[in-house]
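Two forms, one chain: they're shown below as structure tokens, one block per form, named structure 1 and structure 2.
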Structure 1
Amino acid sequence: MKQRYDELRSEAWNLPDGKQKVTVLEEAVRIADLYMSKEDAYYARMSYSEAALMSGFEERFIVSFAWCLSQFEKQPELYDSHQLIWHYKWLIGIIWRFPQFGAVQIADIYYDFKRMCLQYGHSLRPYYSKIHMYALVSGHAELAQTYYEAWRKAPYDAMSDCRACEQNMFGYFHLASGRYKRGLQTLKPILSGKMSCRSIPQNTYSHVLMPLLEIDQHDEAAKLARKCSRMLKGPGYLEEYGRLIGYYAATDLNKAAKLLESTAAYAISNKTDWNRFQYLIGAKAFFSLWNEKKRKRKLNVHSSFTSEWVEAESERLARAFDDRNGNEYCQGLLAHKVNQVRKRRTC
């Protein structure tokens, strides 16, 4: 069985992120659990966790990583603390995306990550970065500002995100706060091609499209939308697809329709509620315009993906996040984003 285990891990190494890679590593985990040591099972799960996360299966990552964290805490001397804390950083970056995790539970997880960073001699820069984002998307602007300032002051070390990811988040902080020109200026090193990584610039492109329309830079928005369309591939970019659909709903409804047809299945199957919510914002904006006229063309999407379902599901998710966060921020965000698209469409 050791030979089969090694073969599976070698096979997974050569596969691109996606369902096939996740399936191969699931089999390696099963073999390790049945026939091999706890250490083998641990490292098989760490590989599986990363593949699941990078392939868009964030809910599987959470379950797998929780097992690894428990095992690490029992015998930390057996495992690589840097790898474990890096995966823990991924966890605090996505745990808030599931409204079934309550505010107290999430706060405890962030506190434990902070404790572990201090225990193993790491900077709190990633802690402040991730908790700032959680505060920002939860509608707690003053708290987000406080954490943002602490993040900028904290020393950079090997546990920090890459420079491109950080620059992207710096810019997003200003864009989300309505400071479009400042946000775009902050993102200039990425937009000019000087900074990039695995998810940058495609994530950046999707964020700047509507702000560019808001300040009447239509040609720049169109150029970046074309680049973004070429770079997005697979179910791992559900949020970016949603923002791109919203942009095209405002500028080219037929392009929006084609993009929706090619990606709606991802939204139906995805289990991460925040990602689905972000996608459905764009879909709701699209349908609000598409349904205004009688159209001969019927959308080529699953029969369950109707404008009525999109409206109901987007509103349900907004309420679920707001109930967890103790405000009405997401319901307001949904209305604002849809109205923003409609406003730019009528200009």
Structure 2
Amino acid sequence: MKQRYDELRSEAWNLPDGKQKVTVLEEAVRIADLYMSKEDAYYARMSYSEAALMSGFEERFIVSFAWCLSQFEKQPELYDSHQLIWHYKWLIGIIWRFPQFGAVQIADIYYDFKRMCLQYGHSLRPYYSKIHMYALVSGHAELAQTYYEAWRKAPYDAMSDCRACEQNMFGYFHLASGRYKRGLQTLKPILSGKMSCRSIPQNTYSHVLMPLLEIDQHDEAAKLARKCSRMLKGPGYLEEYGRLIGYYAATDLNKAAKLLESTAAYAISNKTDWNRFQYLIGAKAFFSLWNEKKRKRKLNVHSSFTSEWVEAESERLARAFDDRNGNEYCQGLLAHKVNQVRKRRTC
């Protein structure tokens, strides 16, 4: 069985991020659970966690991480605390993406992460950056501002996100708050190619497209959209696809249709509602323009992916998040983003 375990791990190494990679590593985890040591099972899960997260299976990451945490708590001397807390940081970055988790439950998790950072001597910088993001996407602007300031003041250490990711989030804060020029200025080091990492600049590109249209920088937007399309691959970029579809809905409807056809399946199978919500915002904007005319061309998407379904599902998700967050921010966001695309259409 050790041989099969090694084979699976090496096979996974050769696979791009996606469902197959996750399935292969899941089998390795099963084998390790059945026939190998707890430590083997722990490290198999560490690889599985990363692949699950990068492939858009956040709920699988949560399960895998919970198991690793339970083992770590039992025998902390056996495992590397840095790696585990790093994964914990990922967890607090995604937990709010599921409206099924209540506000109190999420607050408890953030508190537990903060406790762990202090216990192992790490700066609270990642804690503040993640809780800032949670506040921002939940529509709690004042809290987001407070946490943003705490984040900028907290010292940078080895547990902090990489510089490119942080710069991206600084810029995103301004863009999400409607300060387009300031946001774009902040993101300049990324847009000019000076800062990058595994998910940057593709994530950044997707955020700046509509703001660029808003300030009439159409050529720059078109250039970055092309770059962005080239870089996005696989099911792990649902949010980015959604934003790109929204942008192309405004500028090149046929391109938007093509992109929708090649990515809609990801939105159907994905379980992370925030990512699906972001995707469906783009899809809703697309359908609102696509359905304006009678078209010969039939969209090659799954029969369940209709404009009616997109509308109903995006509204259901917005309500689900708002119920959790105790406001109407997501319903407003949905309407605002769709209107923005319609208002800025050039095609």
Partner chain sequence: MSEMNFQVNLQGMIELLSKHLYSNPGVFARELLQNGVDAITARKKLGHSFEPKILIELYASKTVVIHDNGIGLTEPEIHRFLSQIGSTSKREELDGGDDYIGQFGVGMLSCFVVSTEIVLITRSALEGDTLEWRGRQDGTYTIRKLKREAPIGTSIYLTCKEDYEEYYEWYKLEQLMTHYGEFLPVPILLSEDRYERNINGALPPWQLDGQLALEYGETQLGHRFLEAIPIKSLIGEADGIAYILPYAVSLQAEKKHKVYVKRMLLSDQMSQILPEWAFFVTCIVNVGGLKPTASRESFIENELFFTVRDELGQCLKRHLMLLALTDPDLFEKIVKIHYVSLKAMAVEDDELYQLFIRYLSFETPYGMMRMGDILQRSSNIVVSSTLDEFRQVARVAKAQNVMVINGGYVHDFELVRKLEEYDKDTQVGVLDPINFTNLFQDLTASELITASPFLSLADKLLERFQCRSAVKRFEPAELPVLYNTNEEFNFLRMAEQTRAESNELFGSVLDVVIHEIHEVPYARLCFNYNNPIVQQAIDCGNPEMQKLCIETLYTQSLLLGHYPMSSEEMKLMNMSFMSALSIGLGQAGET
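Residue indices: 1-based, along structure 1. All of these numbers come straight from a predicted model, not from anything done at the bench. What we label the rigid core is the largest C-alpha set whose atoms superpose within 1.5 Å from one form to the other.
Here the chain coming from the form predicted in complex with the partner chain is structure 2, while structure 1 comes from the other form.
Residue 334: CA moves less than 2 Å between structure 1 and structure 2 after rigid-core fitting. Annotation: Cα of residue 11 displaced by at least 2 Å between structure 1 and structure 2, core superposition.
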